[in-house]
Each structure stands twice: as structure tokens, then as C-alpha cells.
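What follows is one chain in C-alpha cells, specifically the form predicted on its own.
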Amino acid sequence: MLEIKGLCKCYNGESILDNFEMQVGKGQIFGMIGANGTGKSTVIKILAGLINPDQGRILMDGAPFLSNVNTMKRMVGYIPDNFGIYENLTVKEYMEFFSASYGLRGLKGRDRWETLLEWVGMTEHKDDFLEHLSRGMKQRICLARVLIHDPQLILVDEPVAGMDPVTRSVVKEILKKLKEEEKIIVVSSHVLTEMTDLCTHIGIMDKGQMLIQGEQSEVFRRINMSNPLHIIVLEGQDQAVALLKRDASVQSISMEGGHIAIQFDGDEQDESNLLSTLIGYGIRIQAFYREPGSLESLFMEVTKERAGES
């Protein structure tokens, strides 16, 4: 379990992180979501040991994480938004260099980097010079290099930025494979559509703070309860409207043909009771559902609420 408590960071007197809190468990892909400038990359760089926080605590399985830099860095695999490539090396030489940097030499090191090249679909290019590879291929080599020492914490900054479709698919599949290996994976991005498919857990950031976090389905459920409830009636629309007007949880009603949309403040049990009541009065219901949300609408809803509180 990775825990971040009360993390603060300022640059030139400007607060970037303000009492930031986050928890990520093993086997989770946690997506930090927020607009540019909300502090996502700062969190990633602190976890990677590149910058120090001004205050706060970071714990890994209950133990201080930043106290021993060498131990910490052996636990971390960091994939930056701009990858570093030594273009005068072949792919094989590049992977051998980083294997040796982590003490993996000889057959053990070769087995490791060959496995990783197979993972990223680059085995047939191992004798190619890096300068001759496409951007997507370089991104895949960078991913293989980051995993060479089998890190427990994987940090990914803007994982799909500028990626071609093949590389994007490869990265997603590898992150899901690492999840199955019980790694802790933290991803930061402002490309919300990609995060929905990739992450098991999400946290929405704004102005250096974590506004809401948790399992993706649970976070959506909590927010989507404010979305309209749609009822499509085949017969008995007038009676349905009359019944809805009596329900204290119904705040507003709009109609178009047999389609009724209501603002409903009740929970899932209240929805079930409402549906049972309508059916009990003989009203023929074709559809009864909450309007689905998206990560974009969720982000806008949460940040709008914060702006309103301010």
C-alpha cells in the first residue's frame, strides 16, 4: 500500500501541492486526473525521487518511503512524458547497459531484457540502432527499460501522449499485466477518455489537492446519482407523471413523447421502489435508467462543486 499524507510543495512562493492525500493498493492502476498545472507531474516526480516535498509523509506498506533514496529508487519504475534514449546504441546495447546498471549481468540479465523486448513486441529490432526507430518504437523500448529491475511501484506520466495506436495498445496491455502481478501503478493524465479504459481506481485533482478518489465504479456511482433518471413509458404516461409528482425524491420532471426525465435525489434502493410502484399501478415501462456519466462529466461535476464551495 502506498500512502501519501499531507504532501505540500511550493515553487517560487506558489503552492503546487496543498495538503495532498492519496492511497493506492497493490494490484491497482490509479489514475490521477486533472487539468494541466494541477500538480499531477509534481506528485509523480516526488515519488520518483527527482524532487523533495516541502512537507508531508509518504509510506510504503507503513514504512517511510523517502528515507532511503537508494532503496526507494530500486522499488520505482518511472516512465516520464519525455523518454530518454541513447540513439547511438543498438536496442540490445541499450538494454544490456540498463540491465548492468541494476546488477543484472550475463545470462540472468539477457533473459530479463529479452523477455521485456518480447513483451513490447521489439525482439526483431534488437540489433537496430535506436536513432533509426520510430517514435512509437522508442516509447516501447523506454517502457521495457523501465521494467528491467522489476520495480514494485510503476509511475507513468502522460502514458498515451503522442503514442500511435499500436504503442498505446501495447502499453495498456503491459500495465494490465503488471496489475495482475500485484504492482502498484500510478498514472497521471489529462486525456480522460484513455483513463476510463485503463484505470481501476481514479483520483480527481484540482489546485494541488485530491478532491475525490476511490474505485472507478464507486466514484462514478457516487457522482452519477445526481444525473437525471430516464423513464420510457409505453402506456400510462399521465398516470406515471401523477405518481412521480407525489414522490418527495423527484425534484423536477420533463417530458417528450413517452420519454420522461426526472431529477431524482434518491439512492439505488429508492430507484427500485419507484420502479416497483409504477409497475404496480399497471404502467408499462420500456426503459428505466440513470443517465450514464463519463470521466469528463465527472471531472467537471467535481471541480464545479469545488468552485461553488469557494
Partner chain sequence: MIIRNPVYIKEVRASNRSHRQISVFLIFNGLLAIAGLYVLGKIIRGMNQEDVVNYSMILQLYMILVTMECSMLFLVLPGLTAGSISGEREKRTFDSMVSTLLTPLSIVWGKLLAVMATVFILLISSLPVLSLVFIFGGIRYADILISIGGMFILSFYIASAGICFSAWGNRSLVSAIVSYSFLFFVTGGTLLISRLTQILGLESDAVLVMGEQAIPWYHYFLLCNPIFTFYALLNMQVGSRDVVLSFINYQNEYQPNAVTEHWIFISLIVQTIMAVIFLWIAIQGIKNKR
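Positions refer to the first chain, counted from 1. All values derive from a computational prediction rather than experimental measurement.
There is another form of the same protein, the form predicted in complex with its partner chain; it is not shown, and what comes next is about it.
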Heavy atom within 4.5 Å of its partner chain in the predicted bound form, from candidates Lys177, Arg105, Arg222, Arg135, belongs to Arg105
Though its partner chain is not shown, can you say which of Ser101, Ser169, Thr115, Ser226 has a heavy atom within 4.5 Å of it in the predicted bound form? Ser101
For the spot marked by Asn36, Arg57 and Phe65, is every residue within 4.5 Å of its partner chain in the predicted bound form through some heavy atom? no
Work out which of the listed stretches, 252 to 260, 237 to 245, 49 to 57, 273 to 281, brings a heavy atom within 4.5 angstroms of its partner chain in the predicted bound form. 49 to 57
Any non-hydrogen atom of Arg140 within 4.5 angstroms of its partner chain in the predicted bound form: no
Is Asn70 close to its partner chain in the predicted bound form, meaning a heavy atom pair under 4.5 Å apart or at it? yes
Heavy atom of Glu96 within 4.5 Å of its partner chain in the predicted bound form: yes
Does Pro151 make contact with its partner chain in the predicted bound form, using a 4.5 Å heavy atom cut-off? no
